[in-house]
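The chain below stands alone and is given in structure tokens; this is the form predicted on its own.
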Amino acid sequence: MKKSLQIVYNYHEATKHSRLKYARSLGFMDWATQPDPFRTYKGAKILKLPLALENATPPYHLLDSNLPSAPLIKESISQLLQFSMGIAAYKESGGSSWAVRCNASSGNLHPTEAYLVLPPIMSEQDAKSSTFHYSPKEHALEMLASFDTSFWEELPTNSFIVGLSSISWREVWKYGERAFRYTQLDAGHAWQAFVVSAKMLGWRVTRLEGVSDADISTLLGLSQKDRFFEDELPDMLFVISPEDINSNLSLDLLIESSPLKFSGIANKLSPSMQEWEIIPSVEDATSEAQIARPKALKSQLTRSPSKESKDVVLNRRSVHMMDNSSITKEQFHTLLNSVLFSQDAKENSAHLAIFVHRVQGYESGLYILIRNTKEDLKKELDAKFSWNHTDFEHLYLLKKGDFTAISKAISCAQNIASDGAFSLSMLCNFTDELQTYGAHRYKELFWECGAIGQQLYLEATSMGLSGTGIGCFLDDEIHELLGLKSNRYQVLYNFTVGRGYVDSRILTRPPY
């Protein structure tokens, strides 16, 4: 464990950006090796899914109420996948076309893949459980395995399993050594995308703990290396069910039932790859089993009436320009409320250091949103901070002032950090978490931050606002600004919210 932790600490330090030096990358776009953003399995049986675009979905503001549970049928599975990992639209400009998906991704590179393990529901002729890969380009399922198991008797009726994996090469191609961070953030975005899409169907999502990466690989067929050219590594498993599930659910029976050989050969994403020794090193170090963490309370949100949930999900975008306009105090509080409590009913590890630029009823300045307890963090931050209470119970004003130039500078000189209504840095309890829960926790911290980012995207979109995740930031310059003297707390993700500028030169086409 100590060796794995040291590899994680070394990786984290080596991949920090600073004013003097960015983390190592290729330094240019090698277009000849650009990875295919869509995974397919040659030889796998394909099951086309009915499109869910015409399906009525609950108003977004009611998603956290007790909605009736949908039956587990092909149509409901189709909706779950389309509004979480599916294509939201195609964009066209200058003769080029690209897909925009419901789950946000660094550089729109999409390293995250989704798999389903289903009880025997997809075919009346095949009364077996099955493992599928979701193909977002075709909106179809690729059947990889079929088997008998009594595992489902341990779960409520209409329960099934979703697995997420990552192909880090898709991010490494552009971002080099820092790409492992972005890959894990994207997994968190995908996780929260599933959480929201499941809510539309009255379903609950429970991320499983105590499961090893090796077991996930076995269940999804990722351990069969002869079927892959690029490494595809496991991230997480969650149960989707009408009810909450014990997060320490044993998968032994399911794994024992899984076949030794899956169908389908994964497509080769690039003709060749660049070698970055630090990436497989940190991947291996963080492959230990997850350790269960303490429970926390989930939030019950109150929102203003809004449009249909599917319209919010399908219109989520990462914007490149903000128009410098303000947002209301009510909008600000709604955004904060949506991410105040844990995304999976676990103890929070990320707090939000917020640079308020243009929020009505708030002075410009540096604020902190506490998502756990205050006293421990207060000891670590600059002793000169005022910690003044605000109208939002968990939000404190640390320092008044204009932080537009500073927020831009620490976000790699990106204007979106200063031109929005506010920007923020996700400040995580770092060394204590890793020492307590092991090296695998490094990935989980990024997942938590990615999930927060996905929720902020959707919450902003529901109110006619825009958001953008910022993975490029000057790590230790932010720590210095906050007065941190050690690596006990570390910033893992930046984000900005405001009113996005729509570029009319870019055309939008339907997704399917």
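Values in this document were obtained by computation on a predicted structure and should not be read as measured data. When you see a residue number, it is the position in the sequence shown, counting from 1.
Just so it is clear, the following notes concern the form predicted in complex with a small molecule, a form of the same protein that is not shown.
Residues within 4.5 angstroms of the small molecule in the predicted bound form, judged by any non-hydrogen atom, belong to 184 to 192 and to none of the other stretches in 144 to 152, 184 to 192, 329 to 337, 421 to 429.
Comment: the small molecule is not present in this chain, but in the predicted bound form one of K128, K137, R358, H320 has a heavy atom within 4.5 Å of it, namely H320. In terms of contact with the small molecule in the predicted bound form, the residue from A350, V162, A104, L81 that brings a heavy atom within 4.5 Å is A104. Contact annotation for M463: none of its heavy atoms lies within 4.5 Å of the small molecule in the predicted bound form.
In the predicted bound form, the small molecule sits beyond 4.5 Å of every heavy atom of L208. Interface residue remark: I77 is not counted as part of the site for the small molecule in the predicted bound form, having no heavy atom within 4.5 Å.
Remark: I416 counts among the residues lining the small molecule in the predicted bound form, judged by a heavy atom distance of 4.5 Å or less.
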